[in-house]
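Form predicted alone, single chain, as structure tokens, below.
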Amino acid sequence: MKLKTLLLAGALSAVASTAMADCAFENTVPLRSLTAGFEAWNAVTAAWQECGNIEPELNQEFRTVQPQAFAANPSLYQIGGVSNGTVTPLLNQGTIRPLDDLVEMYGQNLSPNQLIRINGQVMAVAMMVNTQHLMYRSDIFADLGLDVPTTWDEVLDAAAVIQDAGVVDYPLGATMASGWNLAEDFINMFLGYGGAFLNDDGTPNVNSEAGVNALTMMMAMTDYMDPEYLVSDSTYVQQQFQQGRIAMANLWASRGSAMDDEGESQVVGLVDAAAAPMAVAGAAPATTLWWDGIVIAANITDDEAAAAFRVAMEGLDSDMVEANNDAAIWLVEGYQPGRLAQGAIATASAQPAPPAYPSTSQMGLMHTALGNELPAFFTGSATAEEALAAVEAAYTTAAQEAGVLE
């Protein structure tokens, strides 16, 4: 399934629905779920709890817990929250079950673009789409007469003006925490510079002109960022925005609704979104397209699986969307795209469009190698070429051990 098609189909659907209602059935089977902890999952798991007998665990480090937890027999969780970047280990281990029968019995309200098929079988149900796109303080840009940047060079130019004006602590934020986040930001920038992670023979190809360009641009960004950027994950950047400390960031669309949360944000109505900046003018936005959704564990009884799927469907209905419309770019009937969804829509509809994050075993190994080895460049203990060479060496070892590279 093409992520651009999936994104636009979800974002542009708009059907009237009713207010949040109680669960349509009483769940009597004890269930547990493990998902990420951002606003969309808060909304979905709250709807699940209306059915009773479910214990949701919302954990931003879910991706490191899920593989082992789902490999247990019986599985430690019945429902998992995944994305196209985190479902691969579960597929490789065979720890999630095909959902075709459950979709036929209980998935009457699902649309075809929610059904994630692997080798012809429905293995996940997508609930939303996500991408990192440019979020910016519209009031600051208006006051300083700045145009919204369309390239990363223009981002740096705008950051210099904002820094000279002294209107925020730091002009720029970024999800560059060491590990997964830093690797993801590199992946986005590397693809934006036209990089290809692997050669035709499967060997790694990041120690290249595109790789050096990506690291050089990321380092240039740090001149305008909080010096503690290597601990800056999505929540960190979200809070920087909410506290009025930064003026722009390439942040996940799923974090948009938090900007207008009157209970915790000082910038309600002041943050807008635009397409992710391009690394090279005329190229695709330097980002990747994602989906998030649910899977059901394989190592549980059929009765547990049926109950888990029924509960999951209660959280993916139009009632939940009506009550939480701006918490995500939903692929669920009833979604009305809001102000902060426009950046993701512009990103996905760009020509050329950014790619979907590759859901492959090789990409999982590459992501890990990048997260482990790139911090050395940002701490000054390795040059760009040395850090990228270390990535290639780490990837080669891991890929050979995994049997995906001879």
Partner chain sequence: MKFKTFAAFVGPSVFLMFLFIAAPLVSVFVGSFQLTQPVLDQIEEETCTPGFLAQTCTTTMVTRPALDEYGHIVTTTEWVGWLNYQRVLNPEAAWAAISSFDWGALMQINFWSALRFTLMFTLVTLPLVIGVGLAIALAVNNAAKSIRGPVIFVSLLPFIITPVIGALSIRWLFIGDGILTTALEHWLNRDIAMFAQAWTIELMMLFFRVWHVAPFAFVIFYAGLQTVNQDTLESAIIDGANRWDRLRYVIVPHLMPLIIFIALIHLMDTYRVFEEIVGFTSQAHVISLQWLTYDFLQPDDAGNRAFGRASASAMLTMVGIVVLLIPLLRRTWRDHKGGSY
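Residue numbers count along the first chain shown, from 1. Here the structure is a predicted model, which is why all the values come from computation and not from measurement.
What comes next is about the form predicted together with its partner chain, which does not appear here.
A.B. asks: Spot the stretch among 273-281, 136-144, 214-222, 229-237 with residues whose non-hydrogen atoms come within 4.5 Å of its partner chain in the predicted bound form.
C.D. replies: Of the options given, it is 229-237.
A.B. asks: To verify the annotation, which of these, 327, 300, 116, 162, has a non-hydrogen atom within 4.5 Å of its partner chain in the predicted bound form?
C.D. replies: Among 327, 300, 116, 162, a heavy atom within 4.5 Å of its partner chain in the predicted bound form occurs only for 116.
A.B. asks: Does its partner chain get within 4.5 angstroms of any non-hydrogen atom of residue 291 in the predicted bound form?
C.D. replies: Although its partner chain is absent here, residue 291 would touch it in the predicted bound form, with heavy atoms inside 4.5 Å.
A.B. asks: Although the partner isn't part of this model, could you tell me whether residue 398 comes within 4.5 Å of its partner chain in the predicted bound form, counting any heavy atom of the residue?
C.D. replies: Yes, contact at 4.5 Å.
A.B. asks: Report yes if any heavy atom of residue 28 sits within 4.5 Å of a heavy atom of its partner chain in the predicted bound form; otherwise report no.
C.D. replies: Although its partner chain is absent here, residue 28 would stay clear of it in the predicted bound form, with no heavy atoms inside 4.5 Å.
A.B. asks: Verify the contact flag for residue 348: yes if a non-hydrogen atom of it lies within 4.5 Å of a non-hydrogen atom of its partner chain in the predicted bound form, no if not.
C.D. replies: Flag for residue 348 set to yes.
A.B. asks: Is it true that 170, 361 and 375, all three, sit within 4.5 Å of its partner chain in the predicted bound form, judged by heavy atoms?
C.D. replies: Verified in the predicted bound form; spot residues all in contact, yes.
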